[in-house]
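For reference, the chain that follows is the form predicted on its own, supplied as structure tokens.
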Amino acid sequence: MRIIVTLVIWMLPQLVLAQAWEDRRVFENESAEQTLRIISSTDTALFAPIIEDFLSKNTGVSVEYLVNGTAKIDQIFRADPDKFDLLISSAMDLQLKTANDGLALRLSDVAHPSWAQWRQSLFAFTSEPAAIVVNKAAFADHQLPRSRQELIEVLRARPDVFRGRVGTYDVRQSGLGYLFATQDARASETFWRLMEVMGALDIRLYCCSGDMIDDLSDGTIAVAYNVLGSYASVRVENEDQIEVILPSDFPTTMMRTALVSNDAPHPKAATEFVQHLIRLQSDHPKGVFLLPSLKTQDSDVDRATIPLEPALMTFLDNLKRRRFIEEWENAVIQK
């Protein structure tokens, strides 16, 4: 009996780890001597070409790519930073705090603009806007909303059409959703009015952009708010019923970031992967880099980009987060 108990105790963490991922894929090189472990919030389909291109130039490396939501990967990484080589996420605030807490390796040999990196330990490699995404069938003979205020007016005018058919992130579970929501709330009171209107229409809450877009595609929902525009744009190419709208009142754009664990098992190869990412986002080779490239500081989009600065961590303070979540729940979950 003692042997059985010991075996069960040993297996529990292995089972938890095995069940933790939304997706897991191993990219192998036959002559590989080491395997990079990358924990990421980016869908495998979008990131696979980047990994494959890296492996074609680094035959001594294989990659294990592990995917989960932004909040979940932050928790997993913090619990075992020595188990992973790289952490890649769209939740800029969580990433900045991870680097600021000393969990990211400083890379002195990675050249990157000051506005796109934090203390040589966190590196941005995309610019991706939050978008309003709609199923056009719900707007037949009606004008599409081009701003948050117009969306409020549309939802109020036809509640019978949109009841139970509006979606957004559950900010209690999604790190990226929480980032977008706090940034919206800082920019305008329109955000809170919009949340109240959506809440009154029995809003559907999601963990991630992919699930929202799936439900938009099959007509389960008609409107999704604060969806990652990059994910939606990929789907639009093959699905005419979906349209991506970048709000005209105030755009919100995040930068996807990467860091090397301070306890990375393979720091040299991980550093080379970051260098590879930065090179790709500049060259943007067709068929390899499917994500939007990093915009320059002079572009209109960049002026709407959430900056990599300490103020990002403001809403990660426990008290501020609790208060924000309570206000969000009061607006969205109307009982």
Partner chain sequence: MSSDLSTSVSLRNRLVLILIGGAAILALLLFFAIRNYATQVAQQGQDNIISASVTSILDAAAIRDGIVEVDFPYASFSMLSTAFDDQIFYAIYQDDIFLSGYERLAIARVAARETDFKTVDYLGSQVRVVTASRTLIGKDKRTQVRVALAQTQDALSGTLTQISRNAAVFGASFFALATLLSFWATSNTIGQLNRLTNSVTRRGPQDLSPFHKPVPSEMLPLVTSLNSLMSRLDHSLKQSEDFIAEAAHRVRTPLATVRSYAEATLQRVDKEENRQAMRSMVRAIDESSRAAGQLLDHAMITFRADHLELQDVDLSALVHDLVERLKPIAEMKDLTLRLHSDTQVPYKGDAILLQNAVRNLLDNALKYSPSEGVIDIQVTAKPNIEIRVYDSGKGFPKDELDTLATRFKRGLNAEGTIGSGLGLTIAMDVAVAHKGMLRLSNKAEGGACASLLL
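Numbering follows the first chain given and starts at 1. Owing to the predicted nature of the structure, the values given are computational and were not obtained by experimental measurement.
There is also a form predicted in complex with the partner chain; it is not shown, and the following applies to it.
Per the 4.5 Å heavy atom criterion, the partner chain in the predicted complex is contacted by stretch 179 to 187, the sole one of 242 to 250, 226 to 234, 179 to 187, 195 to 203. This chain is displayed alone, yet in the predicted complex one of 52, 33, 283, 309 has a heavy atom within 4.5 Å of the partner chain; that residue is 309. In terms of contact with the partner chain in the predicted complex, the residue from 165, 148, 97, 72 that brings a heavy atom within 4.5 Å is 97.
When the partner chain is considered in the predicted complex, residue 174 lies well away from it, no heavy atom lying within 4.5 Å. At the 4.5 Å threshold, heavy atoms of residue 23 stay clear of the partner chain in the predicted complex, well away from it. Of the heavy atoms in residue 265, none are within 4.5 Å of the partner chain in the predicted complex. Put simply, residue 102 is close to the partner chain in the predicted complex: some heavy atom of it is within 4.5 Å. Taking the partner chain as it sits in the predicted complex, the stretch 304 to 320 comes within 4.5 angstroms of it through a non-hydrogen atom at 309, 310, 311, 312, 313, 314, 315, 317, 318, 319, 320.
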